[in-house]
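Okay, so we've got the same protein chain twice, two forms, each given alone as structure tokens, structure 1 and structure 2.
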Structure 1
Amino acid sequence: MIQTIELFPGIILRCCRSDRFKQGCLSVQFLRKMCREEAAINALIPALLLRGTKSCPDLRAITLRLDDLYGAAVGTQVRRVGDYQTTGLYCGFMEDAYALPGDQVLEPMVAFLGELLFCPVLENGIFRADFVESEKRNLSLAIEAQRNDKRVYAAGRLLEKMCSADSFGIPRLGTREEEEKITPQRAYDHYRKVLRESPVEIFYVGAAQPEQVAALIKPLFARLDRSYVNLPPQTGFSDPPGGSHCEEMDVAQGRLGMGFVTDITLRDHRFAAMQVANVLFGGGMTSKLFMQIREEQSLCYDIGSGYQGSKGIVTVTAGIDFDKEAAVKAQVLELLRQCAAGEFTEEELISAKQALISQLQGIHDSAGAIENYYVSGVLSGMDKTPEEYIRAVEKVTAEAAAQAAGTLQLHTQYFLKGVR
């Protein structure tokens, strides 16, 4: 059960009380509307906050402080959820019950998290230039790493082509071009803007009472001068068809991408049926795409589909030989037709539902998984608990799954192939 507490206008604390874990977790995320000009700088801000505070001015001092908190950990958290991007920090820490007699962890952990968020080490009133340049290099390397992983790169390029007029096509970490424009002054000005304007989502998983957590966190935000701007609701996908695109690169294996659209998002009562349909189609090792195109016909090295429920997008990606593009495309469309026509067995349906249920049952295996599920759900507009979601999956009929598959329409195609 999640308890929601509004600390201040636009600052929401959500608590999942559980004594199952030796470690609790706490995340603080500032919500921004996803836009190309902000994506990179939003991704950079939490990394800068972890470089130092007034009392812990460098990484060594931060590490020593965390060691004193029984080896607590703090990391950056940058998410893209539908039309939103989040920027913030996540911390994991030992529960007070497992500390030495008389020691507390939660209270000093919250205090230190507040210090990280609101008291960064500065130079001449702005972020230190060497810290900014160092973290810009790290961000650049992270962006470049996505380009070097051709599976990730091709999937990203498909979304860019598909969502050319929608913010969902913007890379989660932004672009190199926008990263290069960041200066210490601009980074600090944007940081202050984020604190002032952004809706804030705080999520806690642990054994403490929600009222206790609220009492610890609320004073941290009381000092902020806020004039927050509420974000518009999440929207579905409505870009016009994106056509077919081909890109040449020095690669040994082709990467095929096919993007499909549906009017079913996770805010729709048919969401569970769409999830089941996706697993039947290509979302697992028992799916039609995997079993027939890879295992039976050996037309690809890997293949699978993913459902972006926040927007109503299903993407199919595959690693193939360059001359297999047409054959694989034809087979993907044929297998989608079979799913929409209900041409799957009861065993296939049961396997798909069991795979989804197994994933949902695993959410309660860690505090981090609980945080990820609920925060993503809250930001996307889904209000089901894992247990409610499981019951919805169990009720999906063959007819409902087929009808959901029938809503999928091919929107955009992308192929990455070798240089001639």
Structure 2
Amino acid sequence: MIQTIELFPGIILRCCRSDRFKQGCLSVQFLRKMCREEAAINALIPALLLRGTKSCPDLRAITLRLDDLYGAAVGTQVRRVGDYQTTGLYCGFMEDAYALPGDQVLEPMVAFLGELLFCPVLENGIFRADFVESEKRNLSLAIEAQRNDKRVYAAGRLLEKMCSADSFGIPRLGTREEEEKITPQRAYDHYRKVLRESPVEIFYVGAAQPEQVAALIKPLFARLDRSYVNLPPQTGFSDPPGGSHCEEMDVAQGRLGMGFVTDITLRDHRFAAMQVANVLFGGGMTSKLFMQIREEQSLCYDIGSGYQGSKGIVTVTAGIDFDKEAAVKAQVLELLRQCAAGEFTEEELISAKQALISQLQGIHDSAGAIENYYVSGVLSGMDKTPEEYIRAVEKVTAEAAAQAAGTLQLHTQYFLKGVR
């Protein structure tokens, strides 16, 4: 299904050939180790690349070029995958089959992507100062905008408190302090360094043959001066307990966060069991958290848990009234105890497994989901196809799910409450 072609050492192209979609997608990701000093500058680079190229020197020229390609879209893509941060570009474009006779999209799209990545508009040999300034500003706003969405904000604060030493505590887009230190010279030097030494993952989903895609992309990278450095392997979580934290803000609704740790990561043979345990506990509308705390007791509007398999972290977040903190916490711990003690029905187990299986079955229905599944999987060390993964979920027994739930230890608590 996925064909892997090593274009050059450390530059891998993966192709999923499919003619079922009207939109093809192509992503180019440079891989970095997640670290406090680099997170912001890595996030900034792709934004700078989208400001102008030698032949399209400003935003408008870029948009006009994309409009000619039937409204193709190019965006920045900055991901956190375990201990890694990826930085790069993602494009979505109409398949050639829908273009007017004689028109092509894929070929000029790839050429333009190469131009965006490798021919940025420069001034005195470095990035233009005004572009760097305005993209720094956009980045700082994106970092601060997380305050606007209280769910995102509270979830981020919980992780920061939980992972004081682990890379997982570093915000995905870096911090304001690091953002402020960026100069046009530093940004350009870092960009050259990223091109020179980072492993590169390229992913294509679409109707073209992998060999054809490789032939289009390979020349773009041929002239790069490379001395590529491999990344250290992914690690599990080992921070000391994070305690209990409370923060006040002028909000109408409180946000509760509870962080749990487990030694099961997605590189562990018990991974599927942990996934099932998480869904049973708090993933979705039939989970214990949702059914008991929201539906039965009306203690919250929303509640759910998420499992970060690359690290071995489960977080529970809920929107609640300020005076319900103690009651909700006690309930969460009680419901986790029930999961670990195997106090769930056969139906609950089947629902949890079905929900996971449905998600996995749906991956091949969307180009974006295919890209996300394989890129995240490859980088975090989970080498199962969706089909293999489905078989692993099917085999999870009640005992295995309970044992997995039993590995969860409360590590950190966070509460965002109103000022009055």
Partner chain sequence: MEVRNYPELKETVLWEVLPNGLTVAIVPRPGFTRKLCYFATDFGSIHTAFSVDGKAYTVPEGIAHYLEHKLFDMPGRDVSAEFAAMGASVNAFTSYDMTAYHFTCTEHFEDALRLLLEFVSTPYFTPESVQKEQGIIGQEIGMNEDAPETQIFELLMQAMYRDHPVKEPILGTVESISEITPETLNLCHRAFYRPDNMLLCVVGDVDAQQVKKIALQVIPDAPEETVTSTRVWQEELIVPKSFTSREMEVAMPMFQLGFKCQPLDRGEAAVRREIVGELAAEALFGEASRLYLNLYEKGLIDASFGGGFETVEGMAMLTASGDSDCPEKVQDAILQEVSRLTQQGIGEENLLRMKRSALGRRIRGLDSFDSVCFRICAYYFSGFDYFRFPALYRDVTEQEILDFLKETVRTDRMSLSVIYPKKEEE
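One-based numbering along structure 1's sequence throughout. Between two forms, the rigid core is the largest collection of C-alphas that superpose within 1.5 Å. A quick note: this is a predicted structure, and the numbers were derived from the prediction, not measured.
Q: Out of structure 1 and structure 2, where do we see the form predicted in complex with the partner chain?
A: Here the form predicted in complex with the partner chain corresponds to structure 2.
Q: C-alpha of Leu299: shift of 2 angstroms or more between the two structures, rigid core aligned?
A: It does, since the Leu299 C-alpha is displaced 2 Å or more between the two structures after the core fit.
Q: Quick one: core overlaid, is Pro210 moving 2 Å or more at the Cα between the two structures?
A: No, because once the rigid core is superposed, the C-alpha of Pro210 moves less than 2 Å between the two structures.
Q: Taking the rigid core as reference, does the Cα of Pro184 move 2 Å or more between the two structures?
A: After core superposition, the C-alpha of Pro184 moves less than 2 Å between the two structures.
Q: Keeping the rigid core fixed, what distance in angstrom separates the two C-alpha positions of Lys324 between the two structures?
A: Its C-alpha shift, to one decimal, is 2.7 Å.
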